[in-house]
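Next up is one chain by itself, shown in structure tokens, the form predicted on its own.
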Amino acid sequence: MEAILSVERLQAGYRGLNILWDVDIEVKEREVVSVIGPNGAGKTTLLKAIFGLIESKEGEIKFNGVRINDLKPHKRVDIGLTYVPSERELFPELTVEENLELGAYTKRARNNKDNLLEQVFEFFPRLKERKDQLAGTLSGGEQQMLAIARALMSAPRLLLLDEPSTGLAPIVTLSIYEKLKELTSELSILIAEQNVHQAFAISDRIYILENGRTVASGKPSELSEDSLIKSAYFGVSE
């Protein structure tokens, strides 16, 4: 499979302070890739750099083989990238449907808004039931569904998700992840996640970040056999 996203030797950070150091990752077509690691490892910084919310200082970010380092975030949405932050950033005083419609702001999405709305309601039937309800009154799981659905309204080819399990009960997290796996028939997904078990369950490949550097990568089956990873992330010692 071809790589839809390629990140090479990426360095990025905030206010002159580097957080990422020579990070390499790639995401292929219709693949789920997770980036895991402890707090402060650089997972969120990586997604923000890919989406253009922070400037990359060194290295290249390529989408469909084209360098996008200098594109503004809204231009990255135009070409098929979209980002769901861990805070979700919904409009609580707007209805579910109004929040979704705000996601269809690119030209190609606006021209297909009704079909996209129908698709996300089919994918998340609970949101259709609550389409006239204010977003701020939804449960945590429903708000996460809405944040993902709003991102889907831009008709993306790659969905960036930051900590989708944050604040959710395990059974709700499982439901969200089952839905995400279904999405790979249509698009690719890159997830930054602290829930290691869910990341291993859903992902085709995993990258491990520590102190802003990639320290390991591979298929879940490969990484789960590594004794150091077992000890660090699953509490299993040999």
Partner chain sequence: MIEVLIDGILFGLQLALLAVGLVLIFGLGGVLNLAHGEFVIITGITAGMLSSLGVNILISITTGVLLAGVAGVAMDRTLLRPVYKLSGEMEILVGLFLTLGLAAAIDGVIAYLFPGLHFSINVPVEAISFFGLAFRPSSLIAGLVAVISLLLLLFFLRNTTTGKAIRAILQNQTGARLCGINVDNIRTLVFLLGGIMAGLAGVAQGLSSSVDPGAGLELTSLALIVSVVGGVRSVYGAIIAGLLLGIVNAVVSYLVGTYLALIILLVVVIGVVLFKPSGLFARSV
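Here the structure is a predicted model, which means the values were calculated and not measured. Numbering follows the first chain given and starts at 1.
We do not show the form predicted in complex with its partner chain, though everything after this point is about it.
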(request) Spot the stretch among 122 to 130, 164 to 172, 138 to 146, 92 to 100 with residues whose non-hydrogen atoms come within 4.5 Å of its partner chain in the predicted bound form. (result) 92 to 100
(message) So its partner chain isn't shown here. In the predicted bound form, which residue out of Ile176, Leu183, Ile68, Leu53 has a non-hydrogen atom within 4.5 Å of it?
(response) Leu53
(message) My question is simply whether Gly80 lines the interface with its partner chain in the predicted bound form - judged by any non-hydrogen atom within 4.5 Å.
(response) no
(request) State yes or no: in the predicted bound form, is some non-hydrogen atom of Arg110 no more than 4.5 angstroms from a non-hydrogen atom of its partner chain? (result) yes
